[in-house]
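To begin, one chain is listed below as structure tokens, in the form predicted on its own.
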Amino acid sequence: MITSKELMHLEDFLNMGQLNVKTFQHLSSEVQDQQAKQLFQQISQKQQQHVQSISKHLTGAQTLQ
């Protein structure tokens, strides 16, 4: 069982992850170098996967409480 404090930490982590996704998406749209653009897109996609995974766990945790 997740405590309310642990849930708050997970929500903070989720919010930071969403900010990271937006930041790397922005960076990939701004750079001219194709390798850098591709790298930022890959990082953004990985961050998005982490956000979705955490969100899925949060939804499950909130359902259990």
Partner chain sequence: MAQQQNQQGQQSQQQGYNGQGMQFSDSDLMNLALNETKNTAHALNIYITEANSNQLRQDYMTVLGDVYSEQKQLFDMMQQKGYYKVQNADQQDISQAQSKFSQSN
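Residue numbers count along the first chain shown, from 1. Please read these numbers as outputs of a predicted model, since none were measured by experiment.
In what follows, reference is made to the form predicted together with its partner chain, a form of this protein that is not presented.
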**Message:** Taking any heavy atom pair closer than or equal to 4.5 Å as contact, tell me whether Gln25 reaches its partner chain in the predicted bound form.
**Reply:** no
**Prompt:** Any of the heavy atoms of Thr59 lying within 4.5 Å of its partner chain in the predicted bound form?
**Reply:** no
**Request:** May I ask you to state whether Gln41 is within 4.5 Å of its partner chain in the predicted bound form, using heavy atom distances?
**Result:** no
**Message:** I'd like to know whether Gln18 contacts its partner chain in the predicted bound form, with contact meaning heavy atoms within 4.5 angstroms.
**Reply:** no
**Prompt:** Since the partner is left out here, which residues of 4 to 20 would have a heavy atom within 4.5 Å of its partner chain in the predicted bound form?
**Reply:** Lys5, Glu6, His9, Leu10, Asp12, Phe13, Met16, Asn20
